[in-house]
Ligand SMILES: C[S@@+](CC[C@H](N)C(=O)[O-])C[C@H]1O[C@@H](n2cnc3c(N)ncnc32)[C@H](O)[C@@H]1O
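Coming up is one lone chain in structure tokens, specifically the form predicted alone.
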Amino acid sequence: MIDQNRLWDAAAARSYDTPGEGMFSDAVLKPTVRTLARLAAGGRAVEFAIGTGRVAIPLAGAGVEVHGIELSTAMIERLREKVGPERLPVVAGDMATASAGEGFSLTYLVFNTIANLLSQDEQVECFRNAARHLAPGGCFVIELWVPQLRALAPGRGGTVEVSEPGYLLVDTVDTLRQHLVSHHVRFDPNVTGSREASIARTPHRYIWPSELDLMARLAGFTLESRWADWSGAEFTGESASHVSVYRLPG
């Protein structure tokens, strides 16, 4: 059993935000917020694994009433440095079981977060929890990567995903359990031969799109849309990720 509070601790919360860069860039956030605001359709939204508020804060700024669920107390504390509970209420708990209420128009999970649940049963319960939060006709949106197992060479159990000065990202894969561990290695690129480096590891259970669709059906959802990204690009066999919109009966 992984202690997610230990994994997403104060150090992780402090280093999580990269204002204006990467997943915090306008190029990423603007289409994300625009799409979620449209799907909320004037109703309330709840973000599972709200983190430090990367998406929730600008979505609230766009006029959507947003609530959140977050397991990491350190992430909640970082969020509270930016916005108070009167503007963005957050329930401390597991996204598969905790409740922020009922009658929402939209629930959503961004940036691969459902993969932090490390068993199929937990992931199915997450869908059921999303359904409990929604009013009839509400939707559940998931952003998730597509497993890139074709990149695994025969007999190899991992891939180098990123190699740049001062940083390596190596993913190791257990194909029997659908577990993937990301190894983030950071070091001083200007010191040749140094043995000093830091490493952080984050475990995931990857999910195929078809498996995700079956989880949705078990919770009463049907797939409404699937795009390659938040701008609505076509999802193809070569897409590295997807944004999937699931809808409850009206």
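Residue numbers run from 1 along the displayed sequence. In this text the structure is predicted, and so the values were computed from the model without any measurement.
The discussion below concerns the form predicted together with the named molecule, not included here.
**OP:** May I ask you to check whether Val110 falls inside a 4.5 Å heavy atom distance of the named molecule in the predicted complex?
**Re:** Answer yes; at least one heavy atom of Val110 falls within 4.5 Å of the named molecule in the predicted complex.
Subject >> 4.5 Å heavy atom contact, Gly93 and the named molecule in the predicted complex >> reply: Yes.
Subject >> Proximity of Val141 to the named molecule in the predicted complex, heavy atoms at 4.5 Å >> reply: Looking in the predicted complex, residue contacts with the named molecule do not include Val141, since no heavy atom lies within 4.5 Å.
**OP:** Answer yes if any heavy atom of Asn116 is within 4.5 Å of a heavy atom of the named molecule in the predicted complex; otherwise answer no.
**Re:** Yes.
Original post:
Which listed residue (Ile207, Ala49, Ala45, Ala216) meets the criterion of a heavy atom within 4.5 Å of the named molecule in the predicted complex?
Top reply: So the residue touching the named molecule in the predicted complex, by this definition, is Ala49.
**OP:** Tell me, out of Leu88, Ala100, Leu71, Ala131, which residue has a non-hydrogen atom within 4.5 angstroms of the named molecule in the predicted complex.
**Re:** Only one listed residue qualifies here, and that residue is Leu71.
Subject >> All of Tyr16, Arg54 and Met75 within 4.5 Å of the named molecule in the predicted complex, heavy atom check >> reply: Yes, all three are in contact.
**OP:** Would you point out which of 116 to 124, 131 to 139, 172 to 180, 158 to 166 contains residues with a non-hydrogen atom within 4.5 Å of the named molecule in the predicted complex?
**Re:** Selected range: 116 to 124.
**OP:** For the heavy atom contacts within 4.5 Å of the named molecule in the predicted complex, list the residues of 121 to 157 involved, in sequence order.
**Re:** Read in sequence order, no residue approaches the named molecule (within 4.5 Å, in the predicted complex).
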